[in-house]
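Next up: a single chain in structure tokens, the form predicted alone.
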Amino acid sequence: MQLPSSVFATWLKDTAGLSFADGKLVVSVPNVFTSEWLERRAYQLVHRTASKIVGQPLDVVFLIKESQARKETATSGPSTRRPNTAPMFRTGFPNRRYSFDSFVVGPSNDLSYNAALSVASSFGEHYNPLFIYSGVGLGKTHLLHAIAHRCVQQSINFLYVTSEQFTNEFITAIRQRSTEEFRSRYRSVDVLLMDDVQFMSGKEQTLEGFFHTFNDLHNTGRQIVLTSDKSPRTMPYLEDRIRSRYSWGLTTDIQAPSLETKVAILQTKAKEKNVPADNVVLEYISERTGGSIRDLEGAFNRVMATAQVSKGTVTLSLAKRALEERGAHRSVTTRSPEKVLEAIEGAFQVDQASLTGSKRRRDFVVARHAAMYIMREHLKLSVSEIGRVMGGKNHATVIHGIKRVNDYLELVDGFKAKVEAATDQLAS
């Protein structure tokens, strides 16, 4: 296949090969418009042609000339690092409790921990990007907070976003014709921390925008750290060019902690709270909880609260009473999802029409996500079943709602008590 001469003159005449190493060909292009056109319209042609010439499959990266200049500046010495005069992060981020020092390392997470520590010790020089994946509540967000703390300590300009926030900002930029401001916001940082990238899967325009952002940051030596609930290899609806970039650096996973690691986590928690707790008690709590560290901490907090209310010491009998009464694995006798809606309605003071509707008022959304969480955790309903009960919500919306519960536990006053009140009503 050949391109018409007019197309060649417009889009390829001013390009040039910059480097070829480790299966990656870097091509210089004059501006962002050329880069984006080539990515959309001619990537496969360039990829096939270059691969045929060198006799092996390779990745092709288009590097804008202005990005080349920034890369040369960035690599000229540590003094060129921009100060973090206006750090950008969500309210309450980074959480002061989530540091490298407070992260309990065990066989299930040691590779991810050490990779994150290495990245935070020398941004842009090791494991770029760093991709960490795990189930809910196993510590990947803790590591993002820990990296952000190092950015603050070293006055490094960083940006933390969820993929949902990136998507919303990207759509707004297109609608308001402010894409240049959007590009500037995301491509002017030294460290990009992005949580839950799996939610961009299948969103072609968003992934296109992120693709160019990724290329610009990576090609100029800026650090990228991504988290997800699954490996790039198993992410559905993901283009190969995106998948390959996710895997350029290091991909690590965090598994559910062993009993010994869970006990060590609880020992750290007890020390933080200055509460004496026998290892027998901590082992009992660990055995009574699943793989999530958040569930583990929740069970520990219930035991501590019971001891405080009863003015007793933390004994094995007290721990048994606390977890049997409050239920680390609460037995929900009423299996009807409609009963969950009724319980949430009472606990959150939100009517069922608002729960299953689409209005985005904050109290509606928080209660809606709490209902999804209880149906999943306690009724063990499938995501599709939950979506049907919640008014026809799609798969991604339900998963996102369940995951948001982790944020609400930290940021929404009284949320945990309301969830427990609703669950108690189901168990009664």
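In this text, all values refer to a predicted model and were calculated from it rather than measured experimentally. Quick note: we count residues from 1 along the sequence shown, nothing fancier.
The discussion below concerns the form predicted together with a small molecule, not included here.
With the partner omitted here, the stretch from 101-109, 230-238, 183-191, 282-290 that lies within 4.5 Å of the small molecule by heavy atoms in the model of the complex is 101-109. Contact check for Gly135: a heavy atom falls within 4.5 Å of the small molecule in the model of the complex.
Using a 4.5 Å cutoff between non-hydrogen atoms, Ile265 counts as a contact of the small molecule in the model of the complex.
Residue contact check for Glu297: one or more of its heavy atoms lie within 4.5 Å of the small molecule in the model of the complex.
Contact check for Arg321: no non-hydrogen atom falls within 4.5 Å of the small molecule in the model of the complex. With the partner omitted here, the residue from Gly139, Gly209, Pro94, Pro129 that has a non-hydrogen atom within 4.5 angstroms of the small molecule in the model of the complex is Gly139.
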